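Have a look below at one chain only, the form predicted alone, in structure tokens format.
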Amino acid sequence: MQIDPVVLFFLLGLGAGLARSDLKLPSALYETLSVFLLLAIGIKGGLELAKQPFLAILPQALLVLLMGFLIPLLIYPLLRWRLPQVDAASIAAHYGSVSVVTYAVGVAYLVRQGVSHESQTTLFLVLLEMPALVVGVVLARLGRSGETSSAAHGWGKLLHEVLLGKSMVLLLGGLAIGALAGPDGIKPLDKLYLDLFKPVLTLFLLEMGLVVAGKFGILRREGLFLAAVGIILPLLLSWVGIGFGLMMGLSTGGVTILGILAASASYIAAPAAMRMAVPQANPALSLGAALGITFPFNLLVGIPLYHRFAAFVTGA
């Protein structure tokens, strides 16, 4: 099976990092690529949403929110068998939240396969960003003593971080711009935000390969446990997304995307929120599993596999 070129860019970065090459993207360029991808994903979703009324997909949106709250609650008891409360809660939050880049690669994969999917999946991406972070913080703080009167202030800061963080603002902002402008209004910008999306994604994945290579020290130390978490969790969670997709009556492509979202793990929004809200948690565990194992597993194996799962259950 031929590998998608965008994945080959990730493998190039991974190989260069493991070989200790001096290849490195400027940090300013990395930030620019992140902003572009988030905006572009939001705009593309908004353009599709402009074609249908929001009330028509409200039941699906509510089911997606339910899935976002449910996933970390399913993961947490499994992780507590081995990990302290704060670390189990932190990893549950990472895997309950989503990876924008994994979503983007999944969409590119379906386009390459000639498989269509519902436009509202971008809205699902945005909705799944937040619930798991809130649940993760609640799980980490349950039963803790010594909470002071400043707790309310801390929760306020957390909600501000989650709701007004960079990824949420750019995704929601792009979604609104695309929906309000419509295809005709966005036409002067489509060469940038639509045509250049995949080329820009290749540069971002090149940098991601370098970052993952830098996490291999953590993987060597924790080894088997992180490998089990990073591979078994996405395989199990993909079926949660597929099940919800079937309940919503989505197409094979839509069921695949929801499976991909459920199987992905956040390495941008979740680490930032957990560092602020649960500083006692060890970020090496959550990032080692989410970015070091699950992210490359999904890119190389998971996405095609989840598509096969979805095709099997939908009879496509």
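For every residue, the number given is its place in the sequence shown, counted from 1. We call the rigid core whatever largest set of C-alpha positions still superposes within 1.5 Å between the two forms. As the structure is a prediction and not an experimental result, all values here were calculated from the model.
Below: the form predicted together with another copy of the chain, not depicted.
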Option touching another copy of the chain, based on a heavy atom within 4.5 Å in the predicted complex, out of L83, V115, V126, L170: L170
In the predicted complex, which of the listed residues (L79, L110, L203, A104) lies with a heavy atom within 4.5 Å of another copy of the chain? L203
If we take heavy atoms and a 4.5 Å cut-off, which stretch out of 256-264, 22-30, 66-74, 45-53 is in contact with another copy of the chain in the predicted complex? 22-30
Is it the case that R141, even though its partner is missing from this view, gets within 4.5 Å of another copy of the chain in the predicted complex, heavy atoms only? no
Is there a non-hydrogen atom of M130 within 4.5 angstroms of a non-hydrogen atom of another copy of the chain in the predicted complex? no
Should L305 be classed as touching another copy of the chain in the predicted complex when contacts are defined as heavy atoms within 4.5 Å? no
Heavy atoms within 4.5 Å of another copy of the chain in the predicted complex: does F244 have any? no
Within 4.5 Å of another copy of the chain in the predicted complex, all of A181, G185 and L196 (non-hydrogen atom): yes
If you apply a 4.5 angstroms heavy atom cut-off, which residues in 34-51 are near another copy of the chain in the predicted complex? V35, L39, I43
Note yes or no: does the Cα of L65 move by 2 Å or more between the shown form and the other one after the core is superposed? no
C-alpha of M247 moved at least 2 Å between the shown form and the other one on rigid core: no
Has the Cα of L291 moved 2 Å or more between the shown form and the other one, judged after a core fit? no
